[in-house]
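Shown here is one chain on its own, the form predicted alone, set out as C-alpha cells.
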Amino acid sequence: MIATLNGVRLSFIDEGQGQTILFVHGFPLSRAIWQPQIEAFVQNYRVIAPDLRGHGESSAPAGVYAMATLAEDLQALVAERQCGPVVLVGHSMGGYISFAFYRKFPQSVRALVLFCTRAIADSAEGKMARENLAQRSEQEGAAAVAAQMLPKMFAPATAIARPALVESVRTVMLATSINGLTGSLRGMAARPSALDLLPHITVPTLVIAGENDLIVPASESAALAEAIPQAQLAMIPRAGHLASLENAAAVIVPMQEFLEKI
C-alpha cells in the first residue's frame, strides 16, 4: 500500500485484524527485516509495517530526517489507518523513533517493544562517525554504507553459517536512497538523549537484545530494561543486531508471551 502522509509517499503493509502491532525498522534497512514476525503475528493481530522515508519503497526527500519527524510520519500513518493505540516495535533507529513517538504521542502507544536499541545520544565521536559516513555515501553511494555496517549486523557465527541471509540484507541496504542514508545518519547524530524519558514510560515494555550484538551490546540492553519501570528483557541467543532474522523463532516466543499479557 502507498499513502502520502506528512508530505512523503510511504509504502507499507496493513494486514490482519485485532490489536495493531506497528513494526518500525532500523537503518539502513526496510520492513523486510520483520518478515518472520509479520508472518507469525498476522493470524491474530493487525500488523502494519512501513518503509520509513528514504528507505525501501517510500519516497526520499532531501534534508535531515529528525527522529521527531519520522515519528510524525508514523503518527500520520496511525491516524490514516485509524489503528491506534498500537504496540510499537522499534529496531535500532526504529527504537530512537519509538522514543520520539512516545514523547510526542503517548496516547497512541499501548505498549513498547524496544529491539536492539539504546536511549543515549551519540557521543561527539559518534556524531563525527555518522557525518563521515554520510559524506562517504554522498560520494560512493549505498555500497559504502553496506560495506561498513554489514559486518556489524550479524553475530559472527551467523555471518559464517548463513551467507545467503547476509547477502539478502546487503541487497536491502544497497536499495536505500542517498537521501535516505544521509538524512537518517544526520538525524540520528542530532537526536537528543531519551534517558530522561525512561523513568516516565508507563506502558508495558519489552526490551529485546541479541546476545552477540556488535552494535548495541547485550549489557546495554539489560541496562535499558532496568531503567524502564516494570520492563521485561528477552535475550536472544545465537543472534546479533538483526535477531529478528537470525533467530526469528526465539524472538517470536517472548513477543507472543508479552502480547498475550497486555
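Numbers follow the displayed sequence, beginning with 1. Please read these numbers as outputs of a predicted model, since none were measured by experiment.
The same protein has a further form, the form predicted in complex with D-malate (MLT), not shown here; the description that follows concerns it.
Consider S137 of the chain shown here, and say whether it contacts D-malate (MLT) in the model of the complex, taking contact as heavy atoms within 4.5 Å.
Although D-malate (MLT) is absent here, S137 would stay clear of it in the model of the complex, with no heavy atoms inside 4.5 Å.
Contact between Y65 and D-malate (MLT) in the model of the complex at 4.5 Å, heavy atoms?
Close contact is absent here: in the model of the complex, Y65 is far from D-malate (MLT), nothing within 4.5 Å, heavy atoms only.
Does any heavy atom of M153 come within 4.5 Å of a heavy atom of D-malate (MLT) in the model of the complex?
Yes, M153 lies within 4.5 Å of D-malate (MLT) in the model of the complex.
Using 4.5 Å between non-hydrogen atoms, is W34 touching D-malate (MLT) in the model of the complex?
Contact check for W34: no, nothing within 4.5 Å of D-malate (MLT) in the model of the complex.
In the model of the complex, which of the stretches 23-31, 225-233, 66-74, 37-45 has residues with heavy atoms within 4.5 Å of D-malate (MLT)?
Looking at the other structure, the answer is 23-31.
Could you check which residue among S98, S92, T182, T176 gets a heavy atom within 4.5 Å of D-malate (MLT) in the model of the complex?
The residue from S98, S92, T182, T176 that makes the contact is S92.
D-malate (MLT): the contacting residue among V172, V78, A119, M188 in the model of the complex [heavy atom, 4.5 Å]:
Filtering the options by heavy-atom distance leaves M188.
If the criterion is a non-hydrogen atom within 4.5 angstroms, does every one of R130, M149 and I215 touch D-malate (MLT) in the model of the complex?
Every residue of the candidate spot has a heavy atom within 4.5 Å of D-malate (MLT) in the model of the complex.
What residues of 233-262, in sequence order, lie within 4.5 Å of D-malate (MLT) in the model of the complex by heavy atom?
Heavy-atom contacts within 4.5 Å come from H241 alone.
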